[in-house]
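In the block that follows, a single chain appears as structure tokens, in the form predicted on its own.
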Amino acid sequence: MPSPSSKLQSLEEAAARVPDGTRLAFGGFAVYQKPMGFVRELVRQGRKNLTVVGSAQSYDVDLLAAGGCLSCVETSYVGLEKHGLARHYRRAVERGEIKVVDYPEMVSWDRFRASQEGLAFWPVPFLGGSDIVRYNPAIKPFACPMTGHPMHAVPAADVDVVVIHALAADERGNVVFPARRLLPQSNDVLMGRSCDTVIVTVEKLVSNAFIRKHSRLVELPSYKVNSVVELPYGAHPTPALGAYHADEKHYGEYVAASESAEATAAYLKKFVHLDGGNDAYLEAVGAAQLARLKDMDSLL
């Protein structure tokens, strides 16, 4: 039985915290450690008019585009890296169904720093030599009050909800991150500290005794987290550091399915619109395939 302080929820309950029209951010970076199980649930529940704010997006935004869930994306990149274009996203943008607001990649991170500090904007000394300010009126030029040098004010991310996928947490919402952390996990910590509503899906639910024994690994404490969902392989097909590698076979199937509306509908039927939620998804992927993805590198 959950304790009185438990924040443990089902995937369906946690996804209900993201109503139509929500402005939200997903943890991870590009094609790495995206909360894909949660994204699939949003598509399954038929969410509409979402705005995604981030630094680099991939399968998360593309799948939401395939499900007709998006109205706006604010980021620096949406693509599948070596697997090419995010076709669903691109087609929806070309049809005028999704508004795109461009930000330079590093400036995209600064937007969450501003939210973390409770600021309306983040001051940046340069924009990477680009002319992006010509196309994004939300970025405002100003003179540094100390030196008089030209700077730009970049608006805070100011999202309603942040969703990340992590290795482990207890039911109170103390979230464990690997000691050897990479950029996607650092992004998760920053995003988790920048918003008042944080949903965390985890590979494994652990005891509070485990948390107290390994407290140095807790980068997001319970008071910053609103919902905890135990979701094994919740980042699949993207990788989760310390748990499993990217599923290149599934990437190939996803990309092939994105070539036509008929193939996309078949993919969504096979992997998204399933009775049984995440368990049914993992059965569709297959136990043997999931076993092949286990990450042993983190032991070295």
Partner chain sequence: MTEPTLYETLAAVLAKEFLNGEVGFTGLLTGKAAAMFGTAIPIVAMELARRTHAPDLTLLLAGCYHNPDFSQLEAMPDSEHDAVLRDLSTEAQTYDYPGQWALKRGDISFGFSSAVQVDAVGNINSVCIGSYDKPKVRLVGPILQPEHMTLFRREYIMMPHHDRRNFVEKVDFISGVGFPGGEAGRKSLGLAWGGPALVLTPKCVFDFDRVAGRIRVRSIHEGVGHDELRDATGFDLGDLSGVPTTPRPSDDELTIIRREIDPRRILFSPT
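Numbering follows the first chain given and starts at 1. Not measured: the values here are computed from a predicted model.
Note that the form predicted in complex with its partner chain isn't included here; everything after this is about it.
Using a 4.5 Å cutoff between non-hydrogen atoms, residue 135 counts as a contact of its partner chain in the predicted bound form. Taking the partner from the other structure, its partner chain in the predicted bound form has a heavy atom within 4.5 Å of a heavy atom of residue 184. Although the partner is absent from this view, residue 104 contacts its partner chain in the predicted bound form, with a non-hydrogen atom inside 4.5 angstroms. Using a 4.5 Å cutoff between non-hydrogen atoms, residue 81 counts as a contact of its partner chain in the predicted bound form. Taken together, the three residues 32, 89 and 149 all come within 4.5 Å of its partner chain in the predicted bound form, as judged by their closest heavy atom. Only one of 166-174, 138-146, 205-213, 105-113 lies within 4.5 Å of its partner chain in the predicted bound form by heavy atoms, and it is 105-113. Shown without its partner, the chain has 113, 122, 125, 126, 128, 129, 130, 131, 132, 135, 149, 150 in segment 113-150 as residues with a non-hydrogen atom within 4.5 angstroms of its partner chain in the predicted bound form.
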